[in-house]
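Taking the form predicted alone, here's one chain by itself in structure tokens.
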């Protein structure tokens, strides 16, 4: 007979079987899991939440990932690319409202023009905020020298979601060609970490063909890679993607939501001091989904500060919430939500990953 969840939660290290047991938890065991992750979050992070003002500055993408609404092959999407001034105005809003940090996100493009543009924007964002605004980038796979240029220009965090660490599953949700290469994704994550970024990744939860063993493997990968931050959410299908043909194989949305909460809780238990995002996709399924994630382990929220007229066009999945809100609405709404989760928003701080700080100290001692 397998171990009880109660005995597993008393351990410091976990096997794949332990993780699957946690992912299977229901009823009282699920409550125990969430209690444990809440206690760990309280002890290592406190009841604090940090904002990253999200600027989705372009939905133009050079990739054709089979699950994604902004994939290159989606002809039903209105494409946009914010001007530099629009991006800087959004950054200024974040700075004036003491967000501490922003996140620049777009479709994946690689070119000298893209490299130079982002480098220039980073310098200007640092200039307008007197160096006070922290910057996370999430613009996909690039060559190491490009990552280094951006790091030197002031970006200090990078989120590159692996989506699945099972190579076989990864290949089922991406086209089979050089542009969608599993090994390159892993290599890019390693480059980011080596350069000195606070490095984040994440996975989609509830994909077609995905098993609990796959998700347990994802958690082990994040632990072994020693990530500093994680953004993971439920897979929500998009009508204009090839993966929609497998919609009949999907878990019900509520089950995908519940599995995501368990993944957040388990990751918090495994990696006590990393930053974990309460993703917007949670709110697409449950009106208070992000608050539930904050209660059991998440400590980062990303209010959308993209100019309103573009938000509907950055649709990675269907039923994306908050696309009609202004940046001001988004802020006050999230403040209210966070107080409901018995947490408080910390303003004027970068909210760096404590895990990263600890990892750097260990590295410096070597």
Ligand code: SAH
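Since this is a predicted model, take the numbers as computed values, not measurements. Residue numbers count along the first chain shown, from 1.
What comes next is about the form predicted together with S-adenosyl-L-homocysteine, which does not appear here.
- When you look in the predicted complex, the only residue of 270, 188, 236, 133 with a non-hydrogen atom within 4.5 Å of S-adenosyl-L-homocysteine is 236.
- Of the listed positions (280, 115, 138, 165), a single one reaches within 4.5 angstroms of S-adenosyl-L-homocysteine by any non-hydrogen atom in the predicted complex, namely 138.
- Proximity of residue 161 to S-adenosyl-L-homocysteine in the predicted complex falls within the 4.5 Å heavy atom cutoff.
- In the predicted complex, none of the heavy atoms of residue 305 sits within 4.5 Å of a heavy atom of S-adenosyl-L-homocysteine.
- S-adenosyl-L-homocysteine in the predicted complex comes within 4.5 Å of no heavy atom belonging to residue 334.
- Contact check for residue 34: no non-hydrogen atom falls within 4.5 Å of S-adenosyl-L-homocysteine in the predicted complex.
- Heavy atoms within 4.5 Å of S-adenosyl-L-homocysteine in the predicted complex are found in one stretch of 293-301, 43-51, 23-31, 62-70, which is 62-70.
- Along 92-119, residues 105, 106, 107, 108 each place a heavy atom within 4.5 Å of S-adenosyl-L-homocysteine in the predicted complex.
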